[in-house]
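Read the single chain below, which is given as structure tokens and is the form predicted alone.
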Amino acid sequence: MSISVAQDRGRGQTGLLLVLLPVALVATLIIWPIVRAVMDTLIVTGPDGASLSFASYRFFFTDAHSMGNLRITIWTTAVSVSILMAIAIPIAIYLRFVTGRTAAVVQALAIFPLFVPSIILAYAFIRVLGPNGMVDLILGSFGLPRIRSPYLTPWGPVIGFVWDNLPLSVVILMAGLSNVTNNAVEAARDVGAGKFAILFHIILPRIWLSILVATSFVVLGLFSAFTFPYLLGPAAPEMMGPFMLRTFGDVMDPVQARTQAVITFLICAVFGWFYVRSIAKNRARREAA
């Protein structure tokens, strides 16, 4: 008994040593800068010493320009995620239940953006859909009117985000679809279930967690994204990523830039909390079963 306890204690100490370095890195590179940023936005040093102040947050939530940038960020994120899931879920389901050359081509096309840098995608977007781009030249050669380019409009970053995040979303959803067995689908068909009944009562309930995971990853990446909003989006209103950079570099107001960063972090933390909570609930259900 004493030998077994000693072995368990040794394994526990080894496990703690293994996770010590990653935890120290997270605490040093992530947690501590967050704490410092919050402190810098709340603590003001004056002639009478340091004092607690919410002035920077009051300015943000009462400033029309700041709130406009926050609203366009939320709008862009919500629209991008909605379109992305509407495209990624059918592709993942198709790749799960269909085999052959066509499915292989579809999978290759869906995964291809994963290997292309975001800045290359942005400039390809400009050359294809921008003013005097490839689409305009093709339409002009046939005497057709030009399209209204989404370049430098709120729809520009949406198109870029959907294209860039499609591979990761498809991969995560395909991993979740591995829980949907062919036997379950065939049994539903045997009792007369149609395609939509199988989709809503068998497939979606079993991949709901994967949809939540994919949505969380996409939201966390989009909300503070910089490349696509900076290159493809309008100058005003602009998403929080370019807004923070302009506030820090052009306006030279580091306190307000940190305030914007803290607000962005808090909104992303809400999505992270929902994700962690859902994972914990799912694990508890599995252990109880």
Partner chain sequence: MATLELRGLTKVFGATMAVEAFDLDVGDGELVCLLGPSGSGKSTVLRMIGGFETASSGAVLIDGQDVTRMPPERRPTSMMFQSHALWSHMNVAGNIGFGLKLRRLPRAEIARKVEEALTLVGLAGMGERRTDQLSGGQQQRVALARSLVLEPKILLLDEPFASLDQHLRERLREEVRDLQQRLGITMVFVTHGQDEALALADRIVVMRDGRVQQVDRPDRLYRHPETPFVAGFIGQMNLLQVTVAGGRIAHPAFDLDVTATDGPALLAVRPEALELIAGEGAGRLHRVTDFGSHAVTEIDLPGGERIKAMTPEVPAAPPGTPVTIKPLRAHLYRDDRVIWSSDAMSRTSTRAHAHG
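Numbering follows the first chain given and starts at 1. All values derive from a computational prediction rather than experimental measurement.
The following text describes the form predicted in complex with its partner chain, which does not appear among the structures shown.
With the partner removed from view, the residue among Arg148, Arg71, His201, Arg127 that has a non-hydrogen atom within 4.5 Å of its partner chain in the predicted bound form turns out to be His201. Between its partner chain and the residues Val213, Ala103, Ala184, Met174, the one pair within 4.5 Å by heavy atoms in the predicted bound form involves Ala184. Contact between Arg96 and its partner chain in the predicted bound form is not found at the 4.5 Å heavy atom cutoff. Residue contact with its partner chain in the predicted bound form: Ala197 places a heavy atom within 4.5 Å of it. Mapping the unseen interface onto this chain, Gly143 falls outside it, with no heavy atom inside 4.5 Å of its partner chain in the predicted bound form.
Taking non-hydrogen atoms only, Pro131 never approaches its partner chain to within 4.5 angstroms in the predicted bound form. Per the 4.5 Å heavy atom criterion, its partner chain in the predicted bound form is contacted by stretch 202-210, the sole one of 202-210, 106-114, 72-80, 215-223. In sequence order, Thr181, Asn183, Ala184, Glu186, Ala187, Ala188, Arg189, Asp190, Val191, Gly192, Ala193 are the residues of 159-193 having a heavy atom within 4.5 Å of its partner chain in the predicted bound form; the partner itself is omitted from this view.
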